[in-house]
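Before any questions on binding or motion, here is one chain by itself as C-alpha cells, the form predicted alone.
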Amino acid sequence: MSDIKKIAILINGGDAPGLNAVIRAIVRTAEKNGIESYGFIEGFKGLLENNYVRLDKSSISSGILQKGGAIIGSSLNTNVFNLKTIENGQEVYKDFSDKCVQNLKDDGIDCLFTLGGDSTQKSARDFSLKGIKVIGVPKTIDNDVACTEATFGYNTAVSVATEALDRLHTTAETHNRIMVLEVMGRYAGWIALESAISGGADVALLPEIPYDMDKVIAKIEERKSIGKNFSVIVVSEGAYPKGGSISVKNTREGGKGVINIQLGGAGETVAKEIEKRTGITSRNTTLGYIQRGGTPTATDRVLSTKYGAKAMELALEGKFNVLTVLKNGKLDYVSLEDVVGNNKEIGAVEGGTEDSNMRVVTMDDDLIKTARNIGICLGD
C-alpha cells in the first residue's frame, strides 16, 4: 500500500459528460481512506497558477453525479511544456513545467489525477518523467484514447446524435429530402459510425475511409428505385473524399502540443455535392457542442464512477504513471508510455499526427461489419 495523504485532480481539454462523476468517485474513495482531495481550477492553467480548491469535506463535490460540465473547470490548449507568453513585448514560447512540479511539491500533493484525452495523457507522461506520481483517466467524447475500449462521455455523445437522427428522419421523409448530420470525432469515426447504426442512417462517412461520392450517390439512387425518396447521412467532422483533404474551418498559431486546427464544413460539403448531382434538396445540420454538454447518460455515469474509483484504488496500491482503462470489459490499467506510443519527445504533439497514438476505427471492427451487413454505405 502506498503512503498517499493528499491528492489533486485536474481536467484538460473539452468538457465531456461524466467529468463530475469521476471527480465524485475519486473524492469519495479518497475520503473513505482518510485522504485529502483537491482540484486545480481550469486544469493545467490552475496547476501553473497554483489555483486550487478543496474537494473533500466540502459541499462543492455533493450533488454532482448527474451534472454536466466540470465543477473545477478545464484548460483548453494550455501546454505548460510550450506555453505562449509575452517577454519584452514579444510573443515567445516557454517551458513552465518545472514551475508546475514545484507547485505540486510545495502543496504536498502525493498523486495527480489527469482527466483528459490523448494530448492530456501525453502531458501526464511528461510530468511522470519529472518525478510526479500521475494517474490518468481517459476522457473524450471522441472515444479515441489509446489502450482502452471506451472513454466516458462517448455514450452520451452517441445518444445525443441518435436522437438528432431520429428527428431528422421525420423531416427527410416528410419532404423527400436528403438530411445530413455532421458529428464530432476529429480523426476518429466512432460517434458517426455508432450513431448511424443506432439512428438508422443510410450512409456514414468516417475519417478512416476516404469516401467516393459516386458510391454515396449510388446508395441514394438505389433507395429511390424502391420508392424511398429520402435518405439520412451521418458525416464525421474529419471525413474527407478520396484524393481530397479534411474540411478545416479555422487555423491558428497556438504552438506545438495544442489543437491548432478547427475542423468544420464536412457535412455542408457533402450536402451541397449531393444536391448538385441528384437535384434532391439536401440540408446539413451540424450538431456541434450539443454532443458534449448536459446530463450524462446512465451508462456514462456508471463508467465514470468506475473509472474514478479504480483510479483512486490504483493510487492506494502504489501503481502510478498509468492510465485506467477497460480491457475485455474489465477495469485495468496500462503504462502511460503505452498510451503515448511513438511520441517520446517531451511536450505533447497534436492528435492526428503519425506520432500520436489515437484509437481509430479499424476495418475489422464489429461496428464496421455490422454497418455493412445492414446496408449502410460507408462511401467505399
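Values in this document were obtained by computation on a predicted structure and should not be read as measured data. Numbering starts at 1 and follows the sequence shown.
Here the subject shifts to the form predicted together with a small molecule, a form of this protein not shown in this document.
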Response to the item:
Among 217-225, 148-156, 103-111, 181-189, the stretch whose residues bring a heavy atom within 4.5 Å of the small molecule in the predicted complex is 181-189
Practice prompt. Would you check, heavy atoms only and a 4.5 Å threshold, whether residue 177 touches the small molecule in the predicted complex?
Written response: no
Worksheet item: Is residue 292 a contact residue for the small molecule in the predicted complex, using a 4.5 Å heavy atom cut-off?
Response: yes
Practice prompt. Verify the contact flag for residue 300: yes if a non-hydrogen atom of it lies within 4.5 Å of a non-hydrogen atom of the small molecule in the predicted complex, no if not.
Written response: no
Worksheet item: in the predicted complex, does residue 262 have a heavy atom within 4.5 Å of the small molecule?
Response: yes
Worksheet item: Which residue among 137, 196, 141, 205 has a heavy atom within 4.5 angstroms of the small molecule in the predicted complex?
Response: 141
